[in-house]
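The form predicted alone is given below as one chain in structure tokens.
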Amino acid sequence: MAEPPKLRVLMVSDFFFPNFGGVENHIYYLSQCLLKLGHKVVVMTHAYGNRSGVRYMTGGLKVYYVPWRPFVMQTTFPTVYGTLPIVRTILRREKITVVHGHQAFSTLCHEALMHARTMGYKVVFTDHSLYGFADVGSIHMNKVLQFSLADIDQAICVSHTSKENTVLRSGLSPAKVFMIPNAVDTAMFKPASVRPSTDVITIVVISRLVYRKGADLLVEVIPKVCRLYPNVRFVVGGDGPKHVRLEEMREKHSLQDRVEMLGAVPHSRVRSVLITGHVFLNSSLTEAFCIAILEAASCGLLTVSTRVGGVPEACNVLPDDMVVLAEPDPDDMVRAIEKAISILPSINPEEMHNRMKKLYSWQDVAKRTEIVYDRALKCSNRNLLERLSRYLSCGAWAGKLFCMVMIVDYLLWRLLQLLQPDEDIEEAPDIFLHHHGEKIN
């Protein structure tokens, strides 16, 4: 008879497959590794097109695509209390012990964490991005984060820079915040069996074409590099609002034959794009931890990146012969690309891939996350009055507003218990899969 799972974890975020990005990959790979460690993992996200209801992914990973449609930037419209009935049902049905929310942008994550704390569940939050303090959008987002993390059990950040940023924005105690970096699936990202010829040097860019990812920097850098090196071509994968600016740059400088625009690239095709190049270029203006750099290095590409956010931390682990850092300035980036091209002959993709295998592992990330879950489970349970005192400390006016929100949430939860007692919610059976003698719950 199969053993029961050690922990039952609910991952919650607006960002998950079939959408592609760093947060989506983090949730997927972490969930797969936790399954292999004997835990039960369930994912909750919003519906994507016709993808709604319950789906199963590799290894028996169960995904609830709840019938909420994205409102803006793949996040759902904030309803505050609208998700309470379905969150309660999933938590009871799957017998969840820990709720793990991802990404400060995700409204579904914030609402699920709020409801879970109201019902007495242990909650963990992972922040994947960096935010400022001065602009209107950041000020509002930071206040929402302060509300969500006021009663959190534990938090995770993907770099020390991200940890410092999250602590300053939310007022959370640093003792509650763990730093666990991202990783890369080196089995998926392997170098090409035959290295591309260096007669024509290909520089690959795979990124969302938005301001904070440095798309405007690319508009200035690409023409300068093309003028300096007639044998250099660019392959740009990704889509976004700045796509038009790159197209205009290509037309203006007559670079149609030297700058290839691929549009959105599914994650399953990222490796096939990377192995066509020699250099990977990351031009982000802000980055908590860039998984794309690790994927490129694992494929044997020399990386040129801006020195921003948590990128230097990721690159400090990589030797100097695998990455070249530059300030987020067009001229400095051009100089960094010149340096990268000069050291290309000494690059051995296979050796670089083997070094990456030893540096980053999703199994290690999962084991460290287990420790955070254990710490969360050991946190003492607090009654409503104790929890309200935490929200009151969030500000003279905001604190009182947050308390009102939580009191209403508590009353609605009690009303739902009267209308549909917990015993009336059917529990889902656990599914046990066996792959090559390995048990995955």
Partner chain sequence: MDKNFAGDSNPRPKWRKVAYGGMQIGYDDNYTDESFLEEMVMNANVVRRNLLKVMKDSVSISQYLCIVALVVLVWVHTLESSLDENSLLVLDLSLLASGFLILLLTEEKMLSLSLLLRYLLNISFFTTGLYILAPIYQTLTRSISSDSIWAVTVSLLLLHLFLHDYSGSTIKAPGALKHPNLTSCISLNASVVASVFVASRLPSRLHVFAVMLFSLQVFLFAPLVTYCIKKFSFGLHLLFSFALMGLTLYSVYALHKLFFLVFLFLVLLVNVVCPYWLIKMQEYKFEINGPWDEAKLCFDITD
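Residue numbers count along the first chain shown, from 1. Worth saying up front: this structure is predicted, and the values here are computed from it rather than measured.
What comes next is about the form predicted together with its partner chain, which is not displayed.
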{"property": "Contact assignment for its partner chain in the model of the complex, among R93, R335, R245, R195, heavy atom within 4.5 Å", "result": "R245"}
{"property": "Residue (of E260, D185, D364, D321) lying close to its partner chain in the model of the complex, criterion heavy atoms within 4.5 Å", "result": "D364"}
{"property": "4.5 Å heavy atom contact, Y229 to its partner chain in the model of the complex", "result": "no"}
{"property": "Partner proximity in the model of the complex: R368 to its partner chain, non-hydrogen atom cutoff 4.5 Å", "result": "yes"}
{"property": "Partner contact for Y211 in the model of the complex: its partner chain, 4.5 angstroms, heavy atom", "result": "yes"}
{"property": "Close approach of P266 to its partner chain in the model of the complex, 4.5 Å, heavy atom", "result": "no"}
{"property": "Which of 113-121, 285-293, 200-208, 83-91 sits within 4.5 Å of its partner chain in the model of the complex, heavy atom basis", "result": "285-293"}
{"property": "Residues within 4.5 Å of its partner chain in the model of the complex, restricted to 163-198 and counted by heavy atom", "result": "K163, E164, N165, V167, L168, P174, A175, V177, F178, M179, I180, P181"}
